[in-house]
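Quick setup: one chain, the form predicted on its own, written in structure tokens, and binding and motion questions come after.
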């Protein structure tokens, strides 16, 4: 027998997330964690251009997890482009290096956070706690 959701639960939708990374394994791991641990509606694409194109076609996400180094359009460029288009989503830069240069570039481009790969539960929880609209 299915349980009925309360009115508050049915009106609250899941957090939507986009994972942008050229590494198929990282995409799969990050997407699975977001879905299984945080019950997010997660999608993934392989480069910044695909993320920008998705938004140009009307897609919208609560959080975008953006890799730094990708072919075609890297995370820094894609973040700038998305902000230039008026995208208000929380953007989280993800980099393989923990150097200050990558962090500064992401923040200057308009990202809200920047973390070293891989994402983990603590990093995602920090993002959720820092945003007042996320029910966490």
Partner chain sequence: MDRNQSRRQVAAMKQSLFDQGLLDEQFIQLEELQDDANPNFVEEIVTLHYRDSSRLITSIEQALKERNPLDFNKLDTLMHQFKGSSSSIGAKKVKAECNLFREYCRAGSAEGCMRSFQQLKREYAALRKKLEAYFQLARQAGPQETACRSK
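This is a predicted model, so every value here is computed, not measured. Positions refer to the first chain, counted from 1.
Beyond what is shown, the protein has a form predicted together with the partner chain; the following relates to that form.
**Q** Given a 4.5 Å cut-off on heavy atoms, tell me which of 107-115, 76-84, 34-42, 49-57 is the interface stretch with the partner chain in the predicted bound form.
**A** Looking at the other structure, the answer is 34-42.
**Q** Answer with yes or no whether residue 121 is in contact with the partner chain in the predicted bound form, where contact means some heavy atom within 4.5 Å.
**A** Residue-level check for residue 121: yes, a contact with the partner chain.
**Q** Could you confirm whether residue 90 comes within 4.5 Å of the partner chain in the predicted bound form, counting heavy atoms only?
**A** Judged by the heavy-atom cut-off of 4.5 Å, residue 90 is well away from the partner chain in the predicted bound form.
**Q** Pick out the residues of 15-50 whose heavy atoms come within 4.5 Å of the partner chain in the predicted bound form.
**A** Stretch hits, in order: 23, 25, 26, 28, 29, 32, 33, 36, 37.
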